[in-house]
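Shown next are two forms of a single protein chain, provided one at a time as structure tokens under the names structure 1 and structure 2.
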Structure 1
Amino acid sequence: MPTDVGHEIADALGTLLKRSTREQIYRRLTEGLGEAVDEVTYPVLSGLARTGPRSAAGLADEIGLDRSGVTRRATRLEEAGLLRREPDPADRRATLLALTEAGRAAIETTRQRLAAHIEDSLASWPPGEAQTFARRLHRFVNHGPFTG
């Protein structure tokens, strides 16, 4: 029960990033999406859903992976019918990665399900606290100690 803010957050992060916790979260994140979607491929789908069709290099930058990794994941997702490669009309060497309808539907469904699960679990919190927490967490993750 540290009264120290920094330590409390640090410990929470440690727990959150542990393999077991991480895999449990991802298992739920990818539940029912078929075996093509897992901890590794999820960020590809998620990234594409956020930004729309995109080159492999750009996507690699965003999810912090080597381009070769993106290529391989994309191939797996392509074979599963969740993603398609389309030639960039403006640049004939580039290939745009885009979600198929199935891909979009899959990730959207799971996002909904996960969000519902989280909200259920937070239903016992005092009213308003969950909203505040969500905003703070968002701020912490996107503009906090690890993102400059």
Structure 2
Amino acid sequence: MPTDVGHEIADALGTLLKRSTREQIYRRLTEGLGEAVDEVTYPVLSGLARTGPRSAAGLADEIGLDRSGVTRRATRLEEAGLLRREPDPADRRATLLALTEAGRAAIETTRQRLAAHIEDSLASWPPGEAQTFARRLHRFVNHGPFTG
């Protein structure tokens, strides 16, 4: 039987994972990075930064979009010079999506913004509490109910 703690965590995760919450965060992170980088294309850039070069189908599985959605977003990013298509060395018929230097720079900017936003929101916490939260969140993500 679930405990109150389980429900409390599930509710918090539900809020974090809501599409509207993610879009709001992505809009804030991508503001001013150019027309091609927005809440719609951010998951593609971010996914490629985490995984390295991937096929559109492989990236779609990673970020929870369908292949055609990834392909459309990749085209916008490619036209803006943020990603490139390259031959898959394991299958010459296939194409991989890969970040360009400009794409990596855009992702670095978004990561810095996210870290600063998180740190600002935790500034009022008692000393050490934010660090403890970070360690425990890391533990939950790596060893909690969603692993394996």
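All residue numbers here refer to structure 1's sequence, counted from 1. Keep in mind it's a predicted model, so treat the numbers as computed, not measured. We call the rigid core the largest set of C-alpha positions that still match within 1.5 Å between the two forms.
Peer 1: Go through 1 and 2 and tell me the one that is the form predicted on its own.
Peer 2: Number 2 is right.
Peer 1: Thinking of the change between the two structures as two rigid blocks, are Ala57 and Ala74 in one block?
Peer 2: Two-body split between the two structures; Ala57 with Ala74, same side.
Peer 1: Using C-alpha superpositions, work out the turn of the smaller rigid part against the larger one between the two structures, rounded to whole degrees.
Peer 2: Value: 16 degrees, smaller part relative to larger.
Peer 1: What does the CA of Phe133 shift by between the two structures after fitting on the core? Give it in Å to one decimal.
Peer 2: Here the C-alpha difference is 2.9 Å.
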